[in-house]
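A single chain comes next, written as structure tokens; it is the form predicted on its own.
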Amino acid sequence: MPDRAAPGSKLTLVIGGARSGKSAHAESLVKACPAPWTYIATAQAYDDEMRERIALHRARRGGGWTTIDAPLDLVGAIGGLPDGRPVLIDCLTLWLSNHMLAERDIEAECRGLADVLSRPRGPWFVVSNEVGQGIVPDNALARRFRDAAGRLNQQVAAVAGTVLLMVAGLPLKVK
């Protein structure tokens, strides 16, 4: 995937495994920017465990954030943002899961998202999971998800000015 990042791109991709510290680090990066901050959430609370995770994320962020729920229409949510606003999108892999469950055209949705992210209108931070470093999943749906997530992460990394890999709570600059 060729690097299509615009010179001086204000897009940062924060990627890592489960519980690597991605979201907390991305939140700290956004908070280093002047408020107001926007948090675009892609999670859907289908069960108590996910409702608890969402509540913990909200509590950790504290005040000063405007939250937009965009489990499917992430492109529309981004398009409606004012110029210059620091934004955190958390996370791409949940957004991808939502699209797969809704049986959307994954390739078209990912291309559209990467296109919008290639033109950040402020400091934008995107969180995603690195899911390709584990074992090969044992079922077709999980393999399809892993492959689609890998392709999406590559597309976003190509347009990002900065890519940080989170390992055990530590950010490693990849790009």
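Quick caveat: nothing in here was measured; it's all calculated off a predicted structure. Don't overthink the numbering: it's just position in the shown sequence, from 1.
In what follows, reference is made to the form predicted in complex with a further copy of the same chain, a form of this protein that is not presented.
- A residue is said to contact a partner when one of its heavy atoms sits within 4.5 Å of a partner heavy atom; P34 fails this definition for a further copy of the same chain in the predicted complex, lying far away.
- In the predicted complex, D147 approaches a further copy of the same chain with a heavy atom inside 4.5 Å.
- In the predicted complex, G64 stays away from a further copy of the same chain, with no heavy atom inside 4.5 Å.
- Residue contact check for I68: none of its heavy atoms lie within 4.5 Å of a further copy of the same chain in the predicted complex.
- Contact with a further copy of the same chain in the predicted complex holds for none of N98, I106 and G112, as no heavy atom of theirs lies within 4.5 Å.
- For the stretch 111 to 150, the set of residues having any non-hydrogen atom within 4.5 angstroms of a further copy of the same chain in the predicted complex comprises E130, V131, G132, Q133, G134, I135, P137, A142, R143, F145, R146, D147, G150, in sequence order.
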